[in-house]
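Below you will find one chain, with nothing else, as structure tokens; this is the form predicted on its own, and questions on how it binds or moves follow later.
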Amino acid sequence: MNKFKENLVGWAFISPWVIGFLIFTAFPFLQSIYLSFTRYDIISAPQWVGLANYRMLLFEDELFWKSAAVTIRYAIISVPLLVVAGVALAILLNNEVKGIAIYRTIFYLPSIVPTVASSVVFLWILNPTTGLVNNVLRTMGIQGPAWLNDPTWAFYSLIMMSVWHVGGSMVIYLAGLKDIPAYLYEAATIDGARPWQKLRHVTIPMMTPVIFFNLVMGVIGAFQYFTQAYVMTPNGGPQDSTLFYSLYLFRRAWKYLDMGYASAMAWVLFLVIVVMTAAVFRTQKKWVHYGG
């Protein structure tokens, strides 16, 4: 009886969270499954259409495949780039030199700036006429591109902006570097290993669990990329060059009020992320080294 009372008290304490989760997370999550098989515009009642939404997605909607291609392209370029940049930056900032704490803070600060605020700043930085980047290029005699107004450069402008937020993953890599036992480097030094050999045979292998974590989170984040694209190129950029999948999903849901179709898109995205994450997990046995 006492144990029952203890459990009851525990459930009473967590009940606000449980109720909130059931109402605001679990119910909408399950409801979206049903809505993905309907035609629903919020105003009128859902009408069952079966697999019509999914059939239209896969076989009739050109923008679906175009937005999927933009998102996959972004994931292929940005995720490895962020991993390499994060590891390289962490290695540089792992050196104990005077003022290193200040340098670490400077590189970390962009990752805590609100996404909308940083997007607005980059709208000014990449302005083709008055922006900082093109003004600097002009001083060197180079005519800068139109950036977000150019179908070729708009996509890479968002890639460039994503690298600016590398400080968040850098901190995690830095923590991983601090966890590498010093005796491994000492043994490598005794064996005559050079700095590059230590990096290749000691640092990188011991960092693979941290790299794996950031890789998984990067893949999940890349497929859900939305805020920066929405703020900087709300219409999908010139010639739909920045029409990311989540941006197109948002447009179908809130511009056209096609909630049934948007729910189907959301579930396709969910399944793709699950498959991609599972694929990354299957590779870890071949390259991730766990010290134990």
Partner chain sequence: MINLRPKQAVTLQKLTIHIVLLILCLPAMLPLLWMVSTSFKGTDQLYGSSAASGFTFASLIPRPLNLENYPEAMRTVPFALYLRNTVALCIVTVVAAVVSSAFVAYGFARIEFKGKNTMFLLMISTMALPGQVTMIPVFALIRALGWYGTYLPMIVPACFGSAFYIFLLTQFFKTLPQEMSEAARVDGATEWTIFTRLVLPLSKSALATCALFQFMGTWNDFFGPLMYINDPAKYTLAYGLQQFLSLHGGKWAPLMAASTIFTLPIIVLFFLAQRTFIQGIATTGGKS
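Numbering follows the first chain given and starts at 1. Between two forms, the rigid core is the largest collection of C-alphas that superpose within 1.5 Å. Values in this document were obtained by computation on a predicted structure and should not be read as measured data.
In what follows, reference is made to the form predicted in complex with the partner chain, a form of this protein that is not presented.
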Quick one: in the model of the complex, does every one of Tyr74, Ile76 and Gln284 get a heavy atom within 4.5 Å of the partner chain? no
Thinking of the partner chain in the model of the complex, which stretch from 200 to 208, 151 to 159, 76 to 84, 121 to 129 has heavy atoms inside 4.5 Å of it? 121 to 129
Taking heavy atoms and a 4.5 Å cut-off, does Tyr40 contact the partner chain in the model of the complex? yes
4.5 Å heavy atom contact, Leu184 and the partner chain in the model of the complex: no
Can you tell me whether Ile180 touches the partner chain? I mean in the model of the complex, with a 4.5 angstroms heavy atom cut-off. no
Gln239: heavy atom within 4.5 Å of the partner chain in the model of the complex? no
Pull the contact list for 89 to 108: residues with a heavy atom within 4.5 Å of the partner chain in the model of the complex, in sequence order. Leu89, Leu92, Leu93, Asn95, Glu96, Val97, Lys98, Ile100, Tyr103, Thr105, Ile106, Phe107, Tyr108
After superposing the rigid core, is the C-alpha displacement of Ala278 2 Å or more between the shown form and the other one? no
